[in-house]
Structure formats: C-alpha cells, structure tokens
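Just one chain follows, in the form predicted alone, and it is written as structure tokens.
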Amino acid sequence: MVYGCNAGQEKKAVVFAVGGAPGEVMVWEEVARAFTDESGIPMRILRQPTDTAQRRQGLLVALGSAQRDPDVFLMDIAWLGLFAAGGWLAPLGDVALEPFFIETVRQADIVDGQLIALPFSLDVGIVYYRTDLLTEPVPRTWQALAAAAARAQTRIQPHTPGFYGFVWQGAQYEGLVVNFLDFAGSQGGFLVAGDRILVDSPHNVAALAMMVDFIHTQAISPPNTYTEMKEEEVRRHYQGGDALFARNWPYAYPLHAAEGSPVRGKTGVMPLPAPENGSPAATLGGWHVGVSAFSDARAEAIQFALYLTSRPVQKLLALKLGLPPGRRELYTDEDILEKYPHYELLAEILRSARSRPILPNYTLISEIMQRRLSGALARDYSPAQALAMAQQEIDRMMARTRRDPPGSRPR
C-alpha cells in the first residue's frame, strides 16, 4: 500500500520503503510530511510487511530487477554485503561522519572506499535482570551468570515451576547465530581469516558447548529454547515474571517498563557477560538507510536519507518509536536519557560491538550455521561435530562463490 504526501505535485515523489505496525507507519508519515514541508520534495511511503524476511525479499525483487522504486529503504546490517555486491546502492557522497559511531560506519557502511549507507538505528544484545530477585553483584562472566541463575532457580522454581534462570534466543533463525556470537565473544565468533570464514575453532566449540549445557545439563534455560525461543518469546517469558536473566534487544525495555508490566520497576540492564579471561564483544544489529542505484530521483533520495539520519529526526524516532539512534551524540541527550536511562550503557556497548561479516553470501553462511547450531542444541550431534560440519559446508560454498561470484541477481 502506498501513502501519498502533498499529492498533485508535478515533481517525481521520493518513494521510501519501510515496514512496521500501524502506529509506526503513522510516525513515518509524519516524518515524510515534515520533509516535504521543509524541502518541497514530495514523498510516498511504500509500506512493507512487519516481518524482516518478507521485507528483505521485497527489496531483493525490486533491486534485483533494477526497478526505479523504492528510492530509499532501510536494510538490516546483515543485508549490506549482498546489496553492495549487487551494485544496488548509490554512493551517498561526502557526509560528515563524526556524529556517528565511526567504527560501525567503517565495518558496515563503507565499501571500496565509498559510503553506501548510514546507520539509521543501532541494535546490540543486552541482558535484562530482575533487580528484586538478584541477591548478589551483577555478574560479569558467563560462569557467574550461570551460577546466579542456578541459585535463583533452586530458590524460586519449587513454587513457580515455569521459572528459569536465563532465557535467550535459541530457535533456528538468525537470532540463534547472533546469540552464538554473543557467547563466543571476543575469543571466537565468526573470524574472517583472509577470505575464509572460520567457525570451527576451540573457542567456538567451547561457546556452543556452554549453550548446550545451559539447556540440558545445568538446565537454567527452558527445554523449548531451541524449538521456540525468539525475541518475543523471550520477552514474554521474562516479562511474565518467569526468568531472572533475559538476553534481548533494546526494543524490550519500554515494554518491560510499561504500565501494567509485572516487571515494571524491577528490571535492570547489564552488558552481555564476558568469557573467562576475555572481554565482552556484543554482536551488532540494527538498520541502515540506503539509496537505490536505480533511483530516478537520486539527489532527492539522498537528501531524504540524510534527513532521516539528522539529529532532530533521530531524536524524534528515538522518543516516539524507541529506536536507538544511529547518531552517537544522541546517547547523551537529556530528553532521551530521561525516558531511556539505559542508553548511556548502550553507547558504551556499541563502541566495541562487532558486525557479522559484511559479505554478499552471508545469508547462506547463516543458514548453514542455523542448521548446525540447532542440531547441537537438540543434541543430534556434539558441538565439535556441529561446527566441523558447518565449516566443511561453508568452505564448499565459499569455493563455489569464488568460482561464480555473485552478480546482481539474488540467490
């Protein structure tokens, strides 16, 4: 469905593809109208599905067939490699990058020396915890978190059978890969060794073994972790009062703090734990704004992309939609901190967050990892076997890719 702004103008309207719930679309319409009032450039909003995979597919079809619209769109960070390799993203030109998290821009938005996107809204994993149930200092390592979770569970589970110490995203989807990277931390995770993706390493095996142990041996995570637990399942479990710790994204904060929430006023926020003898290295998520290389209103589209990442608009969207800004400077804004005091912690975490590999075939790598990680969590095979099989599949796939580099057609 397309919504028009300032209909009847002769100029070609800039088409902005964006998804979200009806309330979110209303805010996007407000932003589009404000841009038209300020610039005189007409806007149209092309409403995408709320589901991320469906949004990606819609953009793949439009860009892969070189359609003129949409002109501007938001991309999950995991899509950037594919979109850039396809030649689908127009360079944005000379943009002042100081207000942004510069490491994020370098990791994700600069390809072959050209700025092809800008951070619009950043995301990073954090741990929510019950301040009224945690009887010890906030844990700094995975081992300390597991010990605290086990003690709380022993104390509470007899009279609340559905209570678990730690809930996280373990279902077979992209969130499982991200959680694996969170566990692996700075001692492993996806390592790009030249042109090779290295997943079968001792540190990664140890990280996956810990995930399996949390479900099956220590049993501090529920049995349905690897069959059902995605973001909303984790949020509802924690918000219902049935967990001490929950790994989730910042979007859950206003929901936990909402009026009527059982955990309102009882929730703290902490960084992801570090491995023993290591440092935390959370996996970077979030959305980036890009302009289509096929746009027939490229200059106007770039102007709108810069408008979306301007301080006033980023602040508006943070306050109205709870989107953590792409601009670093807003994490010290008094109005935002009054509503979201944990943003100060988010800024600290974002400075060292790591992006997943920005590669055109990342989706294929992730699909392999999802299957093998899920198999390990289900105990179909050991963590070592899972990562060895994943490594073999990824190596074969990467070899095929080198022989037949991805072009502009999506796979």
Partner chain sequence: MTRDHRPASDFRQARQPARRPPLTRDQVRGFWFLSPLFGFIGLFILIPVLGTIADSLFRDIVYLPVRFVFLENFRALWADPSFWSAVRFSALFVLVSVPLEVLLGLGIALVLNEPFALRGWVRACILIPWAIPAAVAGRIFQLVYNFSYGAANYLLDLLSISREPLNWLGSDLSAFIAVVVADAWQTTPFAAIILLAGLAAIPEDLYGQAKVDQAGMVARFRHITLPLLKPVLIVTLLFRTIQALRIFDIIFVLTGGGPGGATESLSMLAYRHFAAGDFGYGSAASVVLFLMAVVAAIAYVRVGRFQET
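These numbers come from a predicted model, not from an experiment. Residue numbers count along the first chain shown, from 1.
The form predicted together with the partner chain is left out here; the points below concern that form.
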Inset, instruction - May I ask you to state whether Asn361 is within 4.5 Å of the partner chain in the model of the complex, using heavy atom distances? - result: yes
Inset, instruction - Indicate whether Gln391 is a 4.5 Å heavy atom neighbour of the partner chain in the model of the complex. - result: no
Legend entry - Touches the partner chain in the model of the complex: Arg396 (any heavy atom, 4.5 Å): yes
Inset, instruction - Evaluate Gln153 for contact with the partner chain in the model of the complex, applying a 4.5 angstroms cut-off between non-hydrogen atoms, and reply yes or no. - result: no
Inset, instruction - Give a yes or no on whether each residue among Leu82, Pro223 and Ala378 has a heavy atom within 4.5 Å of the partner chain in the model of the complex. - result: yes
Inset, instruction - May I ask you to choose, among Arg44, Arg354, His342, Arg371, the residue with a heavy atom within 4.5 Å of the partner chain in the model of the complex? - result: Arg371
Inset, instruction - Please pick, from Glu276, Glu136, Glu228, Asp213, the one residue with any non-hydrogen atom lying within 4.5 angstroms of the partner chain in the model of the complex. - result: Glu228
Inset, instruction - Would you point out which of 123-131, 197-205, 145-153, 82-90 contains residues with a non-hydrogen atom within 4.5 Å of the partner chain in the model of the complex? - result: 82-90
